[in-house]
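Shown below, as structure tokens, is a lone chain in the form predicted on its own; questions about how it binds or moves come after it.
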């Protein structure tokens, strides 16, 4: 999968740009396959656990993806990704002495899924609170799970669909070029996208750098 941000078209709103993209997909012959949602909540290390050494707190991102309804993903900043079941959210409440939810940190993208031959395309509106902050585009090539074997094919489709806004190879491909690609790699890409959108908006959120 490749997850990227699509800039808002000049003179258009986020919603109008999403409609332009979905219309283009439908003209290519893609068929609607329901909806999707990916959400992310940020937690920071509780001040009480840092001690008096002046240590920097770590951030953890707890994420959900409607493609994996029974799973919850916990990603550490520059660290591993834990895949747990959905009860992990309940565990985070019990861990509030160690990790605290950053205020107003919830960010999500939701939209329509499209199937086009072997490609699954998801175009979503990224929102924080009630306001639209950007557009996400995820393209997944189903038959292959090794990035190096199908990136050129994925890139060709992205160029046809996104034109001059085609993204480069995701950073996770660099680490797993010949390894089996999994759901955690997609979540890392969404985490990077959400953080990029947060920085663009310069939204002051407690505990988020």
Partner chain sequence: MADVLSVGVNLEAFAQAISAIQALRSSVSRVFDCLKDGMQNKETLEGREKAFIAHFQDNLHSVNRDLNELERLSNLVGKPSENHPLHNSGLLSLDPVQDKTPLYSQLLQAYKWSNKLQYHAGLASGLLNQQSLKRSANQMGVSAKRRPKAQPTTLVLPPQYVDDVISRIDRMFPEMSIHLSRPNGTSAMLLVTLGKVLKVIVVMRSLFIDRTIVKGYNENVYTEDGKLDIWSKSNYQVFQKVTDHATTALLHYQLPQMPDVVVRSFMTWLRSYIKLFQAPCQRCGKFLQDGLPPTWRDFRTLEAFHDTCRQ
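Numbering follows the first chain given and starts at 1. Just so we're clear, the structure is a prediction, and the values are computed from it rather than from any experiment.
What follows is about the form predicted in complex with the partner chain, which we do not show.
Only one listed stretch (36-44, 65-73, 164-172, 140-148) carries heavy atoms within 4.5 Å of the partner chain in the model of the complex, and that stretch is 140-148. Although the partner chain is omitted here, in the model of the complex all of 152, 156 and 180 have a heavy atom within 4.5 Å of it. Distance criterion of 4.5 Å from any heavy atom to the partner chain in the model of the complex singles out 117 from the list 84, 117, 104, 90.
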